[in-house]
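As a starting point, one isolated chain is supplied in structure tokens, in the form predicted on its own.
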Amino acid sequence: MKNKDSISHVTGTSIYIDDIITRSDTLHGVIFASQKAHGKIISIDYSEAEKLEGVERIFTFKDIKGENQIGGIIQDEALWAKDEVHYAGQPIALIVAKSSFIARQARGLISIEIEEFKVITTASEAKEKKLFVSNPRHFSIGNTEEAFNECTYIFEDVTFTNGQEHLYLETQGCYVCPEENGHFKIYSSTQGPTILQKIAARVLGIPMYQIEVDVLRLGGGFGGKEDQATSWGVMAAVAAQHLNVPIKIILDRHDDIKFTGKRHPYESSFKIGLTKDLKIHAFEADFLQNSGASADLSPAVAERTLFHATNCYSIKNVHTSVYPCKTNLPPNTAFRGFGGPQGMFVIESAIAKAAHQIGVCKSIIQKKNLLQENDIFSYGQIAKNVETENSWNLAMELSNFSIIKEEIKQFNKNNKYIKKGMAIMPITFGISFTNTSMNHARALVHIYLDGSVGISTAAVEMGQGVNTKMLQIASQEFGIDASKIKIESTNTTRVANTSPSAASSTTDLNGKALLKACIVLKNRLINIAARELLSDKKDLKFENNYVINLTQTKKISWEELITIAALERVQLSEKAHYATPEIYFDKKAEKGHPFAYHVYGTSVTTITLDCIRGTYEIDQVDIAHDFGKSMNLDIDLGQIEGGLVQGIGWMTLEEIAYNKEGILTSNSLSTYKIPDVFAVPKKINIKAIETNGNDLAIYKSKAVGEPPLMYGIGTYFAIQDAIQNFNPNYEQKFHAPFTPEKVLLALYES
């Protein structure tokens, strides 16, 4: 089945927040935010702004009827600053005017005096001062102290991975309409409708039932709209509560980049010990997470870093720690991979360091230590249905690894100023929310009198194709054309108390709930069909818009069946609830079985480096990936390609930069570089591993949203491999992104 939104996307008819037809009395909001990263508010003068024609009102913390608090995991974040500001871009007020242009003009007329305090921008400085947004966490297995005494080789080093701007095509936005009896409808570009509903109710001081959140689709999210879409919807709701007119907020690109958090930068250190036969016997790592000024989703991101700190390797003695450090930057947040990539980069750096120092190819150490069936992760889960070796072997075959490796060797021997490099990146990624209570979903299915079907779930479509997969499930179960089925918007009134669309779990959770609802409806309908066709129920099949008796030629059309069911007053609506079985995690013991299953894969990346300029091209990426039994390979392949390129951008080009005053300097597309058509690999070859899939994945089709991003890490080490072929004096560094400037310095360091 093709992506159901493809035609409307390319013809420009898909509806986003800024496309919604607004009421004639709609007002527009623009945020007034701090230009300082840390300080005490001495005075603010709104008088000149309020005089500007077209300005209706300026809202601050004083106008909040409930709580001035939007924190989710930890309640440590004000909607609007009161006495102090803690990062540049922290909202202080909302200017509401007849147009966003007028509101922006008014913003320039506000004068503010702030007594500046010391600004902390790095995780290491925050850790030194013991400033954390939540308690540090530690995962352990075995005894690393004793294990290091048994190692032949021991290496230590530090690493750094920078943040990453989400840069979704559709910026943050919302449209809030007041309704009768103090109710509000919020149209929002959010991955978490229930989160927005809950926090809006808290701030407005009203019950959740008075707020309806509706999401048709997002123009991209990547995690940046899981938690951080909330504040804009709540601000608009506060204004609508006071003025009783619709309020629209659409951040322009510059404001969106300045006001929102990014992928978390990490300063990390490692210690790795290997035996004589190159088995990794002990591994330790400390991860300093730059959380920003408040918790947001940082505690959960930090936790997933520990879950993925050993990637796909079998290591019996592990001790890892993560420190969520409080700094004066915008609260950093979820981003595709959710802390996993930061953890994987460290273990890959440790292996690269060991290989270089010992004088062997990195791939030898990687292969010797691949995860095996029934190995135990450092968090206690036993590895089952492990596909590491299968993915490795298929990637070697797909890439002609041995032949290409020899060709690269000869190329480098014959070319002085152009060098090639190669790297292998195996991955293992756990699928589930690591907070067990979030692993649930609901679905509501209506079959209408004409046989058409309406489906509501908690799944938010943000370009990943989840609506198409929901459509497939209903179409397959009922045996009807997709044209008869409508996927409704995600709405908190139709489907309540939902988890956000995140953690690569959206299709599994919502698809399983939808499947349950469809099966219940089918069981009701099959009783009628069996009677009408004088058939045994086991001989009936729903297909091609009919219910067919497989042993005879009898059949009844779907529409006729629904007509009979309606006349007999059979219930043609059904809701269902699904909660992932088997999973649990004890955060006191830091042990459990947090993931429904793992996704495996291996990539081989080859690059060509211009040693005069420091620029590089990615020649080819070959990927062997564990799709399970893919229910829509076209959509899944698109996710692999997109995730790979986004990971490459994080590793090579996308450099977030703050100055010492905590001001973002990479604040526009002229100063922040994302991959374009010239930066992506010239060739991407993807092949599915033959597997039996997993029963906890919908139709055994494994999640595919986040795992492919980690393939991009291989590009970093392929570049490093090329540098080492040019400059024998190069001292390994693990500081991402590996921009052309850093590459040039590395090529000529003495």
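A residue's number is simply how far along the shown sequence it sits, counting from 1. Everything numeric here is computed off the predicted structure, so don't read it as measured data.
Heads up, the form predicted together with ligand LUZ isn't pictured, but that's what we're talking about next.
This chain appears without its partner; in the predicted bound form, the one residue of Asp626, Glu226, Asp622, Asp296 with a heavy atom within 4.5 Å of ligand LUZ is Glu226. Taking Asn317, Gln241, Ser432, Ser134 one by one, only a single residue has any non-hydrogen atom within 4.5 Å of ligand LUZ in the predicted bound form, and it is Ser432. Remark: of stretches 201-209, 495-503, 419-427, 551-559, the one touching ligand LUZ in the predicted bound form is 495-503 (heavy atom within 4.5 Å). Ligand LUZ in the predicted bound form comes within 4.5 Å of a heavy atom belonging to Met438. Proximity of His86 to ligand LUZ in the predicted bound form falls outside the 4.5 Å heavy atom cutoff. Not displayed here, ligand LUZ is approached by Phe338 to within 4.5 Å at the level of heavy atoms in the predicted bound form.
Annotation for 459-481: no interface residues with ligand LUZ in the predicted bound form [heavy atom within 4.5 Å].
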